[in-house]
Ligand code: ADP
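As a starting point, one isolated chain is supplied in structure tokens, in the form predicted on its own.
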Amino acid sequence: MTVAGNDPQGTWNAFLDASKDKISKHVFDTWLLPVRAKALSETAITLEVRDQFFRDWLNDHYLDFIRDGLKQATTHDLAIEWLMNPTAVSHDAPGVEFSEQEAEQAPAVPVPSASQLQLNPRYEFDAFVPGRSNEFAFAACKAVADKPALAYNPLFLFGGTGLGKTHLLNAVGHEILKKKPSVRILYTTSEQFVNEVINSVRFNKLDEFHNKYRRSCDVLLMDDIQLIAGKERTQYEFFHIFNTLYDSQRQIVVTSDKLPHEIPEIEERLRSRFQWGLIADIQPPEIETRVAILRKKAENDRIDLSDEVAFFLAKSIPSNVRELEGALIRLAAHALLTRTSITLDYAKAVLNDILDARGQLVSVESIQKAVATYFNVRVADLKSARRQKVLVRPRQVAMYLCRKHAQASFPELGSRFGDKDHTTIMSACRKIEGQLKEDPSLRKQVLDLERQLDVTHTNN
């Protein structure tokens, strides 16, 4: 059948008429009937679909079938150009267009409970203690919870271990559900997500997987996104999920312990998408915030905590909120079992092993190894005389951290870094000290390494 004239939808309808008996009714109704033709020339046809998932499915499974059918309908080889319009058609009612109001009145998909979503009931905004170190991230999460997909999308939270990223991620989910219980929220960790991808491929359940993340999700909350680094198939799946949700104005919030450009082995197209929205960092809390966190925890758990003990704990554990709360829980448990009041001396005795371990000096070797791993270089490179740009900063950071935390002398460090002159070590330490005041990226790297080494850091 040949279609004359420039009639995009007429041409598409002719293709549909000729194709409906060649494929299953399910495929025809679900994937071909909802498509609309918006433009036609002698060389190309523009087809409108709802989102990128729809487009990708047709491209992967029926592109040749569509091209061949259109050639029979028009006698031309037509290139397929795609137009995505989230409001154009419904996947659940193929070929039927409906208004936003009608969509809201349509039967709702059953909404999983908070426990099914795996949201932690303890992690709500009211239980979070904001301070100078985290107030920007806190405000950003509140804004997203108030207006999902309208405030900041995607929202990328980054910070070290135990600083509150997971707490804020869960709090966003809880707050959205309070205001609109019908919103379909998916909370997952990258580890869980990787396992889902593997099992979906292994057991041929990709359609179910795609339905869960692309069609049955209004808000995606994913923890530790950096863990998908190096996993190509997982990144492929997440990329298309991201595009589908973003194109259809659905909220995405992810957390990471690294900035997007610092995550190794991740596709550039994903890295750039993480930078589309807002990046909010969480720094180690200052002592006032640490004390406030302890007081709130003590109040919620009905622990009798004096200011003296609170300040002692806050000073002793400066860089990890999770460790800080863990120390308080341990102290309270000991006091309860022994029926003893929590005094300063009692706190020092109970936590002696923890505090002694934290107070021990780290070795030069452990610092060199940590720095090499962090910057993806070899320890031998740190000790070499090579001056490539990719090695200069890691080497200088390693020298600075060794001087600060291993408390080795300049001559000793010179010998431990490939028999360099002690003045080279001095110069590197001074340079890093100066740059720390001006370079937030360098501050982040040094803080990350200090947290990994589990050493007390000071403001630089």
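Bear in mind that the values here come from a model prediction, so they are computed numbers and not experimental data. Just count from 1 along the sequence shown to find any residue number.
Below, we turn to the form predicted in complex with adenosine-5'-diphosphate, even though it does not appear here.
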item: Contact test in the predicted complex: residue 166 vs adenosine-5'-diphosphate, heavy atoms, 4.5 Å; value: yes
item: Interface membership of residue 213, adenosine-5'-diphosphate in the predicted complex, 4.5 Å heavy atom rule; value: no
item: is_contact(residue 322, adenosine-5'-diphosphate) in the predicted complex, heavy atom dist at most 4.5 Å; value: yes
item: Residue contact check: residue 293 to adenosine-5'-diphosphate in the predicted complex, 4.5 Å heavy atom; value: yes
item: Region of this chain that lies against adenosine-5'-diphosphate in the predicted complex, out of 175 to 183, 194 to 202, 322 to 330, 148 to 156 [heavy atom, 4.5 Å]; value: 322 to 330
item: Sole residue of 209, 128, 375, 274 within 4.5 Å of adenosine-5'-diphosphate in the predicted complex, by heavy atom; value: 128
item: Residue 313 and residue 447, C-alpha gap in the predicted complex relative to this structure (3 Å or more); value: farther
